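Take a look at this one chain, the form predicted on its own, written out in structure tokens.
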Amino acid sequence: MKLNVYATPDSVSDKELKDKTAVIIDVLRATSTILAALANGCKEVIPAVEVEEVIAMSKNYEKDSFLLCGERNIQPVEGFHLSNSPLEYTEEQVSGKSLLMTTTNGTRAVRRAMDAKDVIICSLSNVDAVAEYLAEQEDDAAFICAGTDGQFSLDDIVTAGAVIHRLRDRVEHLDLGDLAVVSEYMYKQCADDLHKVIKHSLHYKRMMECGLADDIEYCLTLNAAPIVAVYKDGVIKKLDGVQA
């Protein structure tokens, strides 16, 4: 199995996604939030790039069947029902709802992977489920890190490394690209305390400055939402029957 890690969505070409499983990572916070919502019973998540796109999509849904969700530069979007905090996406709030979501980095990364054979959502909250799924599928994988404002983001790289490390116990032979090697190494350096390395990342620091320590704690909790979520035909849904 060949595994490559891409530091940002712009660093991967359409050709490199062909016939591969794309693994989308935005641990702080979009993919963590999407997984929390699906684990708590939302019907689906529809990722959008722009705020205006979300508002336009909402006109196609019946009243009370959907929620407007997301953020811009960590801050909630005015007029939206929910921000990008996974702690807001409780069963009481989201069960049975369609979530129309846009975030600064994460939803863009999801949409970037449309040419892949398969697209799954990954965070630290579902690393074991993702590793199990990839091992069962046996396809080559491209880990696409959302990054922060177009730049490399350490938290996403460590998360890719967490999955790669778990694949070693499940797959006989792994062929790692250079950044995949670095990702696994970084994860192994902080596996006993994820904050130890990730606290130095720009986005971690920004979130702490915004008083989001509880969000960070959730996002760095391994297997808090042990599901597989698949993006297909513009929609993210929980894959039933697959759980770590």
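As the structure is a computational prediction, the values presented were derived from the model and not from experiment. Start at 1 and count along the sequence shown; that's the residue number.
Just so it is clear, the following notes concern the form predicted together with a further copy of the same chain, a form of the same protein that is not shown.
By the heavy atom within 4.5 Å rule, which residue out of 181, 51, 68, 207 makes contact with a further copy of the same chain in the predicted bound form?
Comparing distances to a further copy of the same chain in the predicted bound form, the residue within 4.5 Å is 181.
Note which of 82, 113, 127, 154 lies within 4.5 Å of a further copy of the same chain in the predicted bound form, where distance is taken over heavy atoms; exactly one does.
It is 154 that has a heavy atom within 4.5 Å of the partner.
Thinking of 16, 196 and 200 as one candidate spot, does a further copy of the same chain come within 4.5 Å of a heavy atom in every one of them in the predicted bound form?
Verified in the predicted bound form; spot residues all in contact, yes.
Though only this chain appears here, would residue 185 touch a further copy of the same chain in the predicted bound form if you measure heavy atom gaps against 4.5 Å?
Contact check for residue 185: yes, within 4.5 Å of a further copy of the same chain in the predicted bound form.
Does any part of residue 11 reach within 4.5 Å of a further copy of the same chain in the predicted bound form? Heavy atoms only, please.
Flag for residue 11 set to yes.
Are any of the heavy atoms in residue 60 no more than 4.5 Å from a heavy atom of a further copy of the same chain in the predicted bound form?
No, residue 60 is distant from the partner.
Looking at 212-220, 186-194, 36-44, 52-60, which stretch has residues with any non-hydrogen atom within 4.5 Å of a further copy of the same chain in the predicted bound form?
This holds for exactly one stretch, 186-194.
Considering only 111-135, what residues come within 4.5 Å of a further copy of the same chain in the predicted bound form, judged by heavy atoms?
Counting only heavy atoms within 4.5 Å of a further copy of the same chain in the predicted bound form, no residue of 111-135 makes contact.
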